[in-house]
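Listed next as structure tokens is one chain, alone, in the form predicted on its own.
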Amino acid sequence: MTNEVLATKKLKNEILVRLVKAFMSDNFAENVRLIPYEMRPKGSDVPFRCCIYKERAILRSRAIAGLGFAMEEDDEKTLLSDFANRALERKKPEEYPLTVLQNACKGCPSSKVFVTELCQSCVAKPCLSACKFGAIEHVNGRSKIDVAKCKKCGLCMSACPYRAIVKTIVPCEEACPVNAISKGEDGLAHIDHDKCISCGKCVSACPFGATHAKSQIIDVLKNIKAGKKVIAMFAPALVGHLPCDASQIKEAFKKIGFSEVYEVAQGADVTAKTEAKDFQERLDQGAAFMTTSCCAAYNELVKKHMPELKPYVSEAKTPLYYTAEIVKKEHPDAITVFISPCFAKRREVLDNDKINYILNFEELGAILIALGIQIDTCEKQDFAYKSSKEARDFAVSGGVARSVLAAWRGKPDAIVPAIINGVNKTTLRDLKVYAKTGKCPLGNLVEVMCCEGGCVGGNAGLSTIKAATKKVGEYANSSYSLKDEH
């Protein structure tokens, strides 16, 4: 993660903390209005932008997104305090999870491939022969690229022995695996929500923090403050991102005001067993392969961009789906909140009437800081349901496949796992080939996780992938194995 991205994450965190403190104060709307001015008071340094007024304007935009609203619809006349009051009156979250802060967008130059001064005018001219589109010509002893013909495939870059041909990129566009973000007529980034799979890669990639998730932090807190039964369901990856023992998590949520806490690993046990059964049925029918179905971004990818892959996706629901089903059965009147490592789950939550709200790890961390909860001093408490080792290991790349293997009741060598550790433009091409040919040369149980490292590598994480993976692994190993149920 770059220093620029870390800086914007720090800004977002500070605003979220201030929003929570404002909510807990006697004058929420007024204290929200003051956030940009308190963060950049008169006479203070201007660390990022041209002037203090630009800084305040962008901080205002970040606060609006933190309150849960889309910046695309902001008329710049509405007071921040009015947005705060609207957040209190809101009955349900807005439709699309991501928004673009137009005033924070740099309007980066368009991506292009061009020849630098390093061109040596080779006799062989390998760049010319490498280009399949006739986009390169030799002019005045130098190679030159016709931008209108160039497809930005990069073959000329690879062919040049001097690496004299380079490609400039727009970080958010380069990161998006489905080309859902691009420049509008105003030169600024715009999200095509019909294409967007809510993976959040653009959020992590933008050095200016212009792409932003619309938070539901106020929606959750106002239900808790109203005295309603609010139940937290946390992803297994959370254990790797908090500075405490896993047994202290429950008490921390109780201090925030949650009535009860469930591990989503409980639902992961159901997913593992269901996928194992589904896989057996597909093998019996002669299917060449099956992909897992727990990643929300992958499910959106198939739905919006690769419907031809749908027949190969497991019919099993996500761990969150099954956990919410359990919670609603035991507490039908409860407000349910999922604690997520990524942005993609926001889309799944919006589509599931058994889940009311979602907070990511960053938002949870902001609440803990704002309320002064020292999580490492919380009382240790056990969860009512003891999840399996494999269910807790879902958070790590390869963990879903391992869980299916553990729940498998057929011949041990019948399953050949294939792990797709992170969705990008390259893995998308591979998946399309698998769907077209009906074969996966890597294996017959294909685990697809949008984030590298698995859920522990989610873009709302609070720790490094390496550290989180280790901690989740240690926690998982403290539990029983699905193999023990054989």
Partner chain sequence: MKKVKLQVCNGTTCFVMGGADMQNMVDQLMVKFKDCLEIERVRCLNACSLSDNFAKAPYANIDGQLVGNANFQTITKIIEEKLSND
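Numbering follows the first chain given and starts at 1. Model, not experiment: these values are computed from the prediction.
The discussion below concerns the form predicted in complex with the partner chain, not included here.
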L221, heavy atom within 4.5 angstroms of the partner chain in the model of the complex: no
Can any non-hydrogen atom of P243 be found within 4.5 angstroms of the partner chain in the model of the complex? yes
Quick one: is L128 in contact with the partner chain in the model of the complex, heavy atoms, 4.5 Å cut-off? no
Touches the partner chain in the model of the complex: K470 (any heavy atom, 4.5 Å): no
In terms of non-hydrogen atoms within 4.5 angstroms, which of the given stretches 80 to 88, 270 to 278, 372 to 380, 183 to 191 touches the partner chain in the model of the complex? 372 to 380
In sequence order, which positions of 452 to 481 have a non-hydrogen atom within 4.5 Å of the partner chain in the model of the complex? L462, S463, T464
